[in-house]
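Below sits a lone chain in structure tokens, taken as the form predicted alone.
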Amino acid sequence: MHSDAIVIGAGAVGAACARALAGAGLTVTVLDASGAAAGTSGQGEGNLLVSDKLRGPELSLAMRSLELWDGLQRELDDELPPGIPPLEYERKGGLVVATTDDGAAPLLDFAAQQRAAGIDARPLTAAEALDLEPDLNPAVTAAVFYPEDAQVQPVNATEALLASARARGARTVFGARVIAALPAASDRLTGVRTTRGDFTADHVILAAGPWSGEVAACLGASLPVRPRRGVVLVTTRMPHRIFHKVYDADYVAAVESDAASLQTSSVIESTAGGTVLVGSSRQQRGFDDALDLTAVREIAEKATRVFPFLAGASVMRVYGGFRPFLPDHLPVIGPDPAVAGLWHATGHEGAGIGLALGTAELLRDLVTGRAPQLEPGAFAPSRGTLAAA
């Protein structure tokens, strides 16, 4: 049961880390309390966005991750046998709109900051926005197009990354909930005790999403990850087609908010099957997964301001999940400051899919002693912005 590395969590981030570590020649075991994409990765929309990131380290990580996503399907085609579902990777582009006079200037200012960081952010007139999305509300007060924004099918992507990790020699053990660290003669973590037995390793990578704080405590570490609840609506098949990922300018403010109270905004896109996905909400209320009808109403109301035709839509499904929230809005990637042998790759909130490949690359480089592509200090678990939490 010994491996060079244990990865706790079989979501997109954990799967990407397992693949990267196995590709570097390490023996890897992936442990998950449930199964592949059973948590956050299976309850999201598959967003690969640069349009919602503030200028800084997270945007740099997103840009690097998009570079890696661009070539991933070709790599998987070479590694995996036929029959593995495609990633459904699409550079569909993102259209961000303001629906009020007060929202126009902040949206355009934000786009200017991103252009200064190297992002392709194109301000549009209302007529140009309507050329991209004919069913858009013509009363939008500002619009910015981000051609680099992309999309994957999150469950397919997670399972493909795990399949690639297995092709590189990794193994997966599902139904293995971590309950404690293994006793050791030194202060270094040497393995974990699970509901399916004991597993030893030289390195333990914690990528358990919103459950990472609980697992860290089991292993003698402290990590201020909290679950942040989100809800998405799915319509029945619609005759109208939305061609891009469209969201209102309130979305960025909701992502960056520290408030525990309900935050809602519009994120709207069509699926290949003709349905429309409508999000999103953010709320901190622990792991309470009860349906919040207030959130559903607010999401629906705001969506109709962006696409008025949605007022006649029928919602056939509402689903929600938990995102791993950290108080300084940056993921943790790197060694635990107190428990030797423990590494973190978590806290991405709703951006885990989009940041997974860059996170895995950085984690691999730190574990193996390679020079990292990105400056790791901003993501270090020991950073000062987490100390108060």
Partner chain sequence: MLPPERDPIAPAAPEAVTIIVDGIPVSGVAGQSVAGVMLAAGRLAWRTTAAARRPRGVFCGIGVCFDCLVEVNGARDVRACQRIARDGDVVAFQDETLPGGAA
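Numbering follows the first chain given and starts at 1. Just so you know, these numbers come straight off a predicted model, no measurement behind them.
What comes next is about the form predicted together with the partner chain, which does not appear here.
Asks: Exactly one stretch in 230-238, 71-79, 130-138, 98-106 has heavy atoms within 4.5 Å of the partner chain in the predicted bound form; which is it?
Replies: Only one stretch passes the 4.5 Å heavy-atom test: 230-238.
Asks: Using heavy atoms and a 4.5 Å limit, would one call Ala116 a contact residue for the partner chain in the predicted bound form?
Replies: Ala116: no, not in contact with the partner chain in the predicted bound form.
Asks: At 4.5 Å between heavy atoms, is Thr271 in contact with the partner chain in the predicted bound form?
Replies: Answer yes; at least one heavy atom of Thr271 falls within 4.5 Å of the partner chain in the predicted bound form.
Asks: Whether Ser186 contacts the partner chain in the predicted bound form should be assessed with a 4.5 Å heavy atom distance threshold; does it?
Replies: Contact with the partner chain, no.
Asks: Using a 4.5 angstroms cut-off on non-hydrogen atoms, would Ser314 count as touching the partner chain in the predicted bound form?
Replies: Output for Ser314 is yes: heavy atoms within 4.5 Å of the partner chain.
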